[in-house]
Each structure stands twice: as structure tokens, then as C-alpha cells.
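Take a look at this single chain in C-alpha cells; it is the form predicted on its own.
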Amino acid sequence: MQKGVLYGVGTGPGDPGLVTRRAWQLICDAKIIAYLAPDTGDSFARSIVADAIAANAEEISLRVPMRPGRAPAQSIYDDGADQIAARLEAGQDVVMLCEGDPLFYGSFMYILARLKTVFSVRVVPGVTSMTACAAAHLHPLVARNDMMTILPAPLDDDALRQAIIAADAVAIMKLGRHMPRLRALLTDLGLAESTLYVSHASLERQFSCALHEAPDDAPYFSMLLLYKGQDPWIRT
């Protein structure tokens, strides 16, 4: 029996209109849909494309605890990969949803690592939250030969400081509870005035502002953008 194909499908930053035509069609046609979800609440990736999922589609929901530590999540990825592998072995295709892009901080990579040597896997790229945040501010991410650095907020202050100093442009992701110390760090570096904040990019509740107006209780789906060079649209 021919084995099924695993599709890693990016669902974009939140607005269903930003899902690619290829991704939407795959989801519409899918008989088996897999996705990650928090241990409580709904899957964000699924909510983006809910209107495309067939009523009779089988859904595999992998509940991942949203807390530090790799061990609980690794066992869930193991179990999820086993569930998906069983369908693929039976000749059924599986479409796995991932908010943003599957391979840009996407949890799909953990399923990919477990299955790519055994099964055929195809990835459909998605619009990233980083580009959606730049669009919210009408501000280029980077220009010319400048270097851009992408940083996860949970890094310690020393690592963040060194990376920010070395870069021309910076995107800091996964803000959450780290927002107060990030604000303090950027203020200490003299960069607070040129830092932009965005939360829930592309959604109706999107909020964008300068750093000094940003809340301390930033949601997980928020980002800071910093461009240290001359504004790219100024002619020189």
C-alpha cells in the first residue's frame, strides 16, 4: 500500500485572508487535520482556517502544556507523531496546521523531525507574524545591506543586549511576561524611542504603538520591532 503524505501547512498570522490559496485548498480537501493546541483552550491555527475544515474531517488535536520544560512537550510530540504515522501508514494524507510559517519557530518542526525519514513530507509556507507586524506599522523590517536579528524574549539580558548591539534591525518575539525587562533593557541601550510594539497582528484586535505606550502585560502573540539605521524610505 502506498503511504500517505504529511503536509505542514502555514495558516498565517491570524487573518484568514492571509492564508495562501494552496494552503486553503489543501485544508478544504483534507480528510485528516492535525494541529497543536494549548492544554486549555482552542487551537489558534485551527481557528484561523475553521471555515475551510470539512464537517466530516477527522481531527487530531495535540495538547501541549504552555509552560517551561521540554519533557512534557516531547512526549506529546512523540504521541502525536505516532498518531499521524498510523494514518500515513494506512495510505491516508494528513494536513497539519501551524500558525504563521511551519518552519519559522513553528512546532511543526518537531513532528517533521520524527517523521521525515519515513514518510513523504511537503511544507506549504505561510505569512509570518514578523511581516504582519511590520505591515501594521507601515515600517520596513530592514534595508540595503543591514543585518536583521530575530530574538526570542526568554533569552537572558546579556544575550539580548549583545545581539541587539550587534544588529541593525531587531525583531523580539514571544514577549509575554518578559515585557517589563525588555522595556528596561531597551531604555538602558537608548533605543526605546525607536522601538515599535504590535500585538495580535492582522486580527481585528490588532494593537500597534510605540514602546512607551505598550502594556507591561503583553500577550504571547506580540512583538517588538527595532530599526537602528536611517529610515529606509529617506533618499540618500
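The model shown is predicted, which means the values in this text are computed figures rather than measured ones. Sequential numbering from 1, following the sequence displayed.
This next part talks about the form predicted in complex with a further copy of the same chain, which is not shown.
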Non-hydrogen atom within 4.5 angstroms of a further copy of the same chain in the predicted bound form for each of Ser43, Ser61 and Pro65: no
Quick one: does Asp146 come within 4.5 Å of a further copy of the same chain in the predicted bound form, counting heavy atoms only? yes
I'd like to know if Val95 sits close to a further copy of the same chain in the predicted bound form, meaning any non-hydrogen atom pair within 4.5 angstroms. no
Just checking whether Val19 would be counted as a contact of a further copy of the same chain in the predicted bound form - the rule being heavy atoms within 4.5 angstroms. yes
Using a 4.5 Å heavy atom cut-off, state whether Leu88 contacts a further copy of the same chain in the predicted bound form. no
Residues from 140-171 in contact with a further copy of the same chain (non-hydrogen atom within 4.5 Å) in the predicted bound form: Pro140, Leu141, Val142, Ala143, Arg144, Asn145, Asp146, Met147, Met148, Thr149, Ile150, Leu151, Pro152, Pro154, Leu155, Ala163
